[in-house]
Every structure is written in structure tokens, then in C-alpha cells.
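Just the one chain here, the form predicted alone, laid out as C-alpha cells.
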């Protein structure tokens, strides 16, 4: 047996696990065949599993010991799935699904160990078309998660930066840090797809720290490039998105403080963006905002007007800026109500001492309209698309 990251190789005849072992992980069979036996290979063969099938998942789900022994019937490649990857998804699933899963597991576990015909029949029942469809989708996600983990280790998930422009004076005031993953086979993968996957696992914390580290390092470089051109302009700022999983991590805040200090970035030039949907976890968000303000980080409320909108949040939580969702910006020309709402939001934010960012600006008319309202910063393809750091430095140095 040999082990490379979470891929494990067995030679024909090797024991994968035996009856009574602790079920601390499951496997996806990448290639080869596994035989399940009553005890050892001298006992009765219960069934065989082939490439693409799951192995050892039942013990992981209900934390019981292995009921059978598994041997490599041929040279074998397995992808290991740790317990957390399965239990987290089960805990986050619909309560009815969890209940049905527990009932099913009890029925199978209550079968006496020698009665393997019933176990095989149960496996056939579980192997319905709907189950196979869900299993295929689940395996795809786990494989995708493995690829994302390797991409993070290899540095294949990188930052790009979209400039934010001061609408009154027209200069680049700051940036939003965005992630991109160029997959070796699938090409560029949508951030929505892989960030959503990362948020379903603990990868989002690692990814978030990588994004923060790169963003702070680049902000320091961007500022030096700007000063070679103009010393009079204000410091650049960097907006960085965080997720609920990052806020919930006990060490995340301390780590981002350390990163800011490592690159000698002024805390006030970091804007941490949280979305309205995160405000459902009100107590946690409130404590996090307080910690950020005590250190000096600024807090921006992203996608304002599309999530759990409620003016009570603006009464109770101290945001430094509001980011108006692009749905409102794009509707300016076609829907008069959008213009009225933008005017009200801008006036309210100004009186509460918050700056305003409008995203999704696609034309000069929209930029001029927003500037006339008093919106502070604009972001969108009319000004700049997301760019890599070399392109940004080239622009700042001109």
C-alpha cells in the first residue's frame, strides 16, 4: 500500500480494512476491484465493488465498526474521503433526509452479520436510479473538492482585482479582490461554482486566508506603484469578501490581523465585505464587526437591497459603507422606481456617515447619474474589468 495525499494505492491481495476496525474514513474506487468478505479472504465473498463505487461509507455515517473485511481483488486506487466531508454534508441536509438515513442504517445494522443475503438485497434497494443519480452527483462533488484542494496547494487559485473609481474626481480609489481558478482540463471555472463548493467544506477558511494574504501583499505593491505617479492622491483601499464559515472560525480574525501586519498594510485601508444574507447570524456578525473596528478594519455591506434587507440592521450594526447591488444600477434607465430607490438609499447612507459603492456600472450615463446623486465609488465594466496584478501596476504607474 502507498499513499499520495488522499489517494491510496493497494496491490492485489492487500487488506483495505478488516471486521472490527474503526470506520474513520470512506473511499471512492478510482480503479480496480474490491472484494467484501465475512472475515478474511478464506471466508465467504459477500460482493465485489468496482470503479466509481463507494466503499466503507456506512461506518463513517453512523460511527460504527466495520462489519466486513475489504481486500483488493486487483491493483487498486482509492480516493479517501475523510469523516468530516460526509458528516458535514449529512448535518446540513434536510432533517427528513437525515431521519430517513438513520432509519435505513438501523435496519441494515439490525441484520445479523451472517445474513448477508439480506444485506445484498438492501444494497439492491438502495441502488435505485434516484439513489444512483444522487450518488453520482455526490461523488462528482467530492472529486471536485479534491481538485480544488490540490489547486489551492499548487497556487492555481489566484486573485484578480477590479478597480473602484472615485466618481467625483475619476481616479482609481481602490480594488475588490476576486478569485479565479484556471482548471487544467476544464479551463476557467466560475467563482460561484468553486467558492460554493469551498463553503460546503473547511476549504473556504484556507482559501480565504490565501485571498487575504495575496490581496494585502498586492495592495502594498499597488500603493508603491501609485506613489511613483502621484503622491497627492489618498491611499488605495482593498475590499475583501468573507463568508459565514470564515466568521465562525475561531482563528480567522487573528490570522488576517497577522497578514495585514506582515505586509505593513494600514488596517483602515482594508474593507471587509459581508453580504446581507449573513445578517441572519446577527449575534456573530455584530461581534465580528466590533472586533474589526477595534483593530481598524472597515466593514462594507455587500449586495445591499437583495438579501435580508432591513433598516433595523443599519440601526444596530455599524457599517462603514454600503455596496448597492448591480440589479438596481442596471435598472436605472428602464425602471424609474430604481432611480428613486437609489436616491433614497444614497441620502440615507450619507446621513448615517457611510460611503456608497455602486457595482455593475456599464455606461457613461449610469456613471454620471450616480455621481450626481453623490455616490462615492463606482465599479463595473464601463471602467475596468477584473485584472491581474501586473495589469493593475501598469495602469497605476502610467
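Numbering follows the first chain given and starts at 1. Note that the structure is predicted; figures quoted are calculated from it, not measured.
Just so you know, the form predicted in complex with a small molecule exists too; it's not on screen, but the next bit is about it.
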4.5 angstroms heavy atom contact with the small molecule in the model of the complex for residue 361: yes
Within 4.5 Å, heavy atoms only: does residue 273 come near the small molecule in the model of the complex? yes
Using heavy atoms and a 4.5 Å limit, would one call residue 277 a contact residue for the small molecule in the model of the complex? no
So, residue 267 and the small molecule: in the model of the complex, are they within 4.5 Å at any heavy atom pair? no
Considering 172, 211, 289, 247, which brings a non-hydrogen atom within 4.5 Å of the small molecule in the model of the complex? 211
So which of 190, 258, 82, 150 reaches within 4.5 angstroms of the small molecule in the model of the complex, heavy atom to heavy atom? 190
Counting only non-hydrogen atoms, the one stretch of 238 to 246, 142 to 150, 280 to 288, 164 to 172 within 4.5 angstroms of the small molecule in the model of the complex is 238 to 246
